[in-house]
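The data below hold one chain only, encoded as structure tokens and taken in the form predicted on its own.
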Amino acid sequence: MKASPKEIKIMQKMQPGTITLSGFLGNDKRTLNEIIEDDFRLLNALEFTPEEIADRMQYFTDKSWNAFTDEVLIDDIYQVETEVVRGKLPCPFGHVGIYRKAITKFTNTRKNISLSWTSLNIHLIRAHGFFEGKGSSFRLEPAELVNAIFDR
């Protein structure tokens, strides 16, 4: 599928060195809309919405936000640490607003799954259903993410 002019403009903002050092698309050859549509189909099969996933990620980030780089145990299963660093990032889709640079490191101790995400990841998933392109530094595989953050 050919990318629209708007999509091309967004993808240009997602290139390495534009908003972040490593960019958002990794080595993924799909268009932005193909990445989002493929992940959305997978989420439908898993019976989750981007909003449910973003809400759950925000829950863990909020619970660990004020621990000041100390790890916290949440719900007796999840070890979470959020490191807040200096600076803010804009949404590459052009939303008004900026997002604090913070990395949440998460481990589901029952399933032995560890993941990391940023505040911008939460926004990109909630607002755009975008988990980043394959090979990007902060790509979150939807199935792995769902398996890790929901205890089922």
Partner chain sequence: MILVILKDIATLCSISGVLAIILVIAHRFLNDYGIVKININGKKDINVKGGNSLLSSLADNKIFIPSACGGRGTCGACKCGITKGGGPLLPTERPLLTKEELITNTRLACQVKVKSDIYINIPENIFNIRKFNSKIVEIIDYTYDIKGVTFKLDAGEKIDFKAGQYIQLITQPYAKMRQSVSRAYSISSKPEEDDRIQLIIRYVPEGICTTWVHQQLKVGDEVSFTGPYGDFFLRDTDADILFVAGGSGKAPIKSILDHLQVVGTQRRMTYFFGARSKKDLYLTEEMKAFESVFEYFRYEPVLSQPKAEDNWDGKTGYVMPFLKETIRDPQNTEAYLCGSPGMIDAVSKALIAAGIAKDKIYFDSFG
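Small disclaimer: the values here were computed from a predicted structure and weren't measured. Positions refer to the first chain, counted from 1.
FYI, the form predicted in complex with the partner chain isn't displayed, but the following is about it.
Is it the case that P5, L42 and L46 all touch the partner chain in the predicted complex, with a non-hydrogen atom of each within 4.5 angstroms?
-> Not a single listed residue reaches the partner chain in the predicted complex, so no.
Taking heavy atoms only, is I113 within 4.5 angstroms of the partner chain in the predicted complex?
-> It does not: once the partner chain is placed as it appears in the predicted complex, I113 has no heavy atom within 4.5 Å of it.
Could you tell me if I19 has a non-hydrogen atom within 4.5 Å of the partner chain in the predicted complex?
-> Output for I19 is yes: heavy atoms within 4.5 Å of the partner chain.
A67 within 4.5 Å of the partner chain in the predicted complex, heavy atoms = Flag for A67 set to yes.
Decide whether V84 counts as a contact residue for the partner chain in the predicted complex under a heavy atom distance cut-off of 4.5 Å.
-> Because a heavy atom of V84 falls inside 4.5 Å of the partner chain in the predicted complex, the answer is yes.
Want to guess which of 89 to 97, 119 to 127, 48 to 56, 28 to 36 is within 4.5 Å of the partner chain in the predicted complex, heavy atoms only?
-> Partner-contacting stretch among the options: 89 to 97.
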